[in-house]
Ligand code: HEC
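Okay, so here's just one chain, in structure tokens, the form predicted alone.
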């Protein structure tokens, strides 16, 4: 169990420290808007922790009963599943990608790109064929479904193994620095049956799970304030919302989660992960991942394999993880970098602040948060395109990733593998992969002086 800290006392100490520092700010500092409020990145859920547990701590403002529910979910999030029959945690597979939530989201953070592409990891491939299903979503690839499972229990065969080849791209910055990018191309090998010739594959690396409840609580109307599908203001940025089928309500809802905002709720995101990542059936998805496939049904008639109580505990856990506070925001370089972040139009998509609405979970209700995301889809250009549509998201569109906590990735997870497939090995590479609507921002980044680039990176790493 994770260690507890005196959050109230620590908050008072850090806030006092911050206030005393800000009083001595020189006139050379950039005047960031709402500087004091930005310290509370997750509103009252914020914690001031910079250790390897920075992503794994309960929201600072949980009441006693909610904290108990959170800790129950914490236990289940770390539970590893095994082959049925078993006394506990039975039902893994028959085909799957990993055996527990925590294995894909280590320390509730970002999975590293695996050294062995076919080992247990937080990496997998989405799959489909061209077209739309009856609800406007992607069409499952015959014999493979919507996700390729590269693991199987004893006596069964995985759907396929993964293979990747790279193309080298060199970007030259204004100061002469050369950055070598590696563009991946993923294919399937050792398939259990022949894959469709028109199969569409899209790589995924599991992202952090903290702060999700706050993102779910943002009113749809506030997200739509930033939508500009036809680029009416002619700034070259035309974000749009994804609208997806919600299996719980049976209606179309705004997409919030996943790399293409293809899921409306944390409940469906968690239930879908249990099914597709682990082969664990549940109340939302009651059929085995490989139902109807020669390698995909265990025939045990034990579905659903996950109780509704456990599913709800894990959902609550994901809704109530704390958001880590930014660091060094009184630093001269960080403050200059914050202004550059605005000047380069980064904040046009990575919108700093939004406000949540009233919620049944009091801890995430009516909070001003600093996630640095507009929650919308943007065309990121051919370089990042997976050419696989997902509801309203086309093959080159991705949801703006929140930036809160990004600078703690090395501390928490021991790597800096960024973007949807981990191709970027640091923040500089991640920026240089931006294209499409972000092409102008990337060009301006490349034109920065060495000192300006360091300021910008220091700001992003402070979040």
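Numbering follows the first chain given and starts at 1. In this text the structure is predicted, and so the values were computed from the model without any measurement.
Not pictured, yet referred to below: the form predicted in complex with the ligand.
When you look in the predicted complex, the only residue of 406, 411, 67, 49 with a non-hydrogen atom within 4.5 Å of the ligand is 406. Checked against the ligand in the predicted complex, the residues 212, 371, 160, 334 give one hit for a heavy atom within 4.5 Å, which is 212. Of the heavy atoms in residue 352, none are within 4.5 Å of the ligand in the predicted complex. Of the heavy atoms in residue 124, some are within 4.5 Å of the ligand in the predicted complex. Residue contact with the ligand in the predicted complex: residue 241 places no heavy atom within 4.5 Å of it. Contact check for residue 274: a heavy atom falls within 4.5 Å of the ligand in the predicted complex. Taken together, 259, 314 and 400 are fully in contact with the ligand in the predicted complex: each brings a heavy atom within 4.5 Å. The stretch that touches the ligand in the predicted complex, counting heavy atoms within 4.5 Å, is 198 to 206, out of 320 to 328, 290 to 298, 244 to 252, 198 to 206.
Using a 4.5 Å cut-off on any heavy atom, the one residue of 57 to 92 that reaches the ligand in the predicted complex is 77.
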